[in-house]
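What follows is a single chain, given as structure tokens, in the form predicted alone.
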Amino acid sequence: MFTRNWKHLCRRYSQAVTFRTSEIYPAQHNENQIGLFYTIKPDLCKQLFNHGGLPKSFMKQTKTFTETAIMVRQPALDIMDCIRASDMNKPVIRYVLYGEKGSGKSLTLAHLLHYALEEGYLILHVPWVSEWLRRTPRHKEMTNSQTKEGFVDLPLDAAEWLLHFKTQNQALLKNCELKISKDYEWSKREKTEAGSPIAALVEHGINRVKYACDVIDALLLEIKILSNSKQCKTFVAIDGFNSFYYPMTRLNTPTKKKIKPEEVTLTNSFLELTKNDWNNGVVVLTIDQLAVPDENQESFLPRYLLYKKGFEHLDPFVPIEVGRYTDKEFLSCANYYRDRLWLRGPSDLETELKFTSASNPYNFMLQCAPL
């Protein structure tokens, strides 16, 4: 009985409903577009995600499809509605996206980043925290901090993030009104004076990689000041935030001592940013089981993945679950895959794929690839 009804729904939905929306501006998305795909223009996609932010498997898919299309889903719309309804004069609200592996948290965050760009927010985006703390290429550069005793710097990672920040905010950084509030002395010969545009601070960190971590520390402090004074509104987006609270990193000192996340200067800079001691901004974080190495994780819920310390750091926050596809979303995605020739075969193939993938977006994508 259930299978017959599902097949009937598949045929009826495929014939009656499109899988695309022509509305390309996230601020205009509403419940009428839920389950539909919208396409991000190539230049905007390059600006937002050229240095990370989209899952690697999704990036491969976009090259195959020759377009970057994101599905409009309820969690993103919920956060947009909350942002529009919130009082920006009050302390920032922290939103936490959570859900099982492959449910679409990173793509929901990508949708929100597009929204923030179109709405004129200054964006502070960390594409994947584990790239700093869990990935250790053979020549990863790590040095002792010159300004914070007992801490370590990741200068190349910091400089790369500054370049990412510069690319995402290229239009706003041309605004000469965004100026720093005090002098920053980097050495006897190098100094960034009060009143300089924050773009000068960013350029210094990119050109002088040695000081990149200290520049980020100063930059985030200055942006909080600018937000409080209403000179800009700020959108903070961090993917895999729970990696900051996993007990150990894969970083080692020359003496083979394991380094804890709280001993990395970048960790402390961005944890300061996610406090609610400033206003005129938004903080959206994702927590993910993939961000930490434990294979036998019992739960994907915030209290479990953030540990006690991370949960208390964010409390109070607004948890928003990113779940599996609804029937409408699943069929819309199946129609999109058929349009892109990613999915072929008989028309009732969707029935089997729905059960084998459990309507998990990532599993569904993988299962369609060889079909």
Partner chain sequence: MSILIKRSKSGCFNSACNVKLWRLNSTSADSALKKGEEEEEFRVLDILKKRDKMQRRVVKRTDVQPDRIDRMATNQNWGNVWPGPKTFHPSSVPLPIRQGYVPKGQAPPGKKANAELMKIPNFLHLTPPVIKSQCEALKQFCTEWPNLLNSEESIEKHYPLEIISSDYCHASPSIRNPLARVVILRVQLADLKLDKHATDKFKRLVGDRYDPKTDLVTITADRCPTKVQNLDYVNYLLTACYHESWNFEDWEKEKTEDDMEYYDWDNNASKRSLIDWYLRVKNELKIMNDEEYKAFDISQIENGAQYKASVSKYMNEGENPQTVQEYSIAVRKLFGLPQKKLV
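Positions refer to the first chain, counted from 1. Being a predicted model, the structure only gives us computed values, none of them experimental.
Missing here is the form predicted together with the partner chain; even so, the following discussion is about that form.
Contact with the partner chain, judged by heavy atoms within 4.5 Å in the model of the complex, is confined among 187-195, 121-129, 266-274, 85-93 to 85-93. This chain lacks the partner; the member of 34, 69, 45, 343 within 4.5 angstroms of the partner chain in the model of the complex by a non-hydrogen atom is 34. Proximity to the partner chain in the model of the complex, defined as a heavy atom within 4.5 Å, singles out one entry of 262, 183, 78, 141, which is 78. Looking at residue 225, you'd find every heavy atom of it more than 4.5 angstroms from the partner chain in the model of the complex.
Contact check for residue 302: a heavy atom falls within 4.5 Å of the partner chain in the model of the complex.
By the criterion of a heavy atom within 4.5 Å, residue 145 is excluded from the residues contacting the partner chain in the model of the complex. By the criterion of a heavy atom within 4.5 Å, residue 115 is excluded from the residues contacting the partner chain in the model of the complex. In the model of the complex, the residues of 304-331 lying within 4.5 Å of the partner chain by at least one heavy atom are, in order, 304, 308, 311, 312, 315, 316, 317, 318, 319, 320.
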